[in-house]
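Next up: a single chain in structure tokens, the form predicted alone.
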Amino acid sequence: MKIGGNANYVCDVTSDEDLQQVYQNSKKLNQPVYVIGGGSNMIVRDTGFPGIIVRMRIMGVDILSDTPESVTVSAGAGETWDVFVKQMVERNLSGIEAMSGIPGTVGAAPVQNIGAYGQELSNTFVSLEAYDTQTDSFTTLKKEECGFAYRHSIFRGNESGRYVITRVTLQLLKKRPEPPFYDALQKYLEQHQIGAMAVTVQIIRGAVLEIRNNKLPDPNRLPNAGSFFKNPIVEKVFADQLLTTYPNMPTYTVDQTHVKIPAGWLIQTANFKGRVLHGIKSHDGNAVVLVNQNARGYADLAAARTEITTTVAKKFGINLEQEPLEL
């Protein structure tokens, strides 16, 4: 977002031993520690961070098991997520191809249970290895211990700051993607006259990358943190009431009693799309993306965020929740 102050220290860790040593040293120096992957999904206040920023750079991809139906693969937390997805797609493995193009690292993926175009990390997740800062030891956490929910886990919830993820293990399938496909993907396939039987993981990856490139601005050109707000999940009864006023409101079924409403639609319908607030612009192509056009600092971003969330709450009775983590 091109916003935020400095840290006292910054270092890279490339092994478990590196990581443990940093935390041991931080206690001697009385410095707090904060670990980042690519830093693409975080907001930093102007005061910066009065401690040590650790950039996770533990690498390596290993095949743990290979059966006729699936492959179980382990990846270092420092691996670039999209590079890892590309490698798995090249192996004709399915389960994460629709999450192509998501910025950041493998280790950051479980933190907010990343997802896109109908897939979520938790769908293929097996376990992860992590450093437990409370016990100064390394541990393994299985899926049921991670508390996965929509864009959420224990790592950004009640155990925030305790575990530092070092490796992630996923189980990917040796089968082609099958319908029903996410709406945007289905439209792409129809426009390109690709039938369901012809769909491959390579086609899905290519489609997702093209869709994302058309919808999401390049952060190297227009400073942004991707989707700034989570898509709210509401009770179906409440959504049905809104539909009487807004019959064109898109909804996506979550379960029998809940639906998801696109945050971008709410922001656009509240007339923020393309507008500049305090130097922060709701992107022309995707209203849920906030771009730093000429904001002077965190206070400008906070003011724009408040204006958007307050208006959406008044208009729809829905409270938007920020997606990027805040330091």
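All residue numbers refer to positions in the sequence shown, first residue = 1. Quantities reported herein were computed from a predicted structural model and do not represent experimental measurements.
Separately, the form predicted together with a small molecule exists; it is not shown, and the next lines address it.
- The small molecule in the predicted bound form comes within 4.5 Å of no heavy atom belonging to residue 295.
- Although the partner is absent here, residue 115 is a contact residue: one of its heavy atoms lies within 4.5 angstroms of the small molecule in the predicted bound form.
- In the predicted bound form, the small molecule lies farther than 4.5 Å from every heavy atom of residue 230.
- Although the partner is absent here, residue 95 is not a contact residue: none of its heavy atoms lies within 4.5 angstroms of the small molecule in the predicted bound form.
- Stretch-level contact check against the small molecule in the predicted bound form with heavy atoms at 4.5 Å: of 59-67, 275-283, 35-43, 295-303, the positive one is 35-43.
- A heavy atom within 4.5 Å of the small molecule in the predicted bound form is found for one listed residue only; from 207, 88, 225, 170, this is 225.
- A single residue from the set 73, 201, 77, 146 has any heavy atom within 4.5 angstroms of the small molecule in the predicted bound form; that residue is 77.
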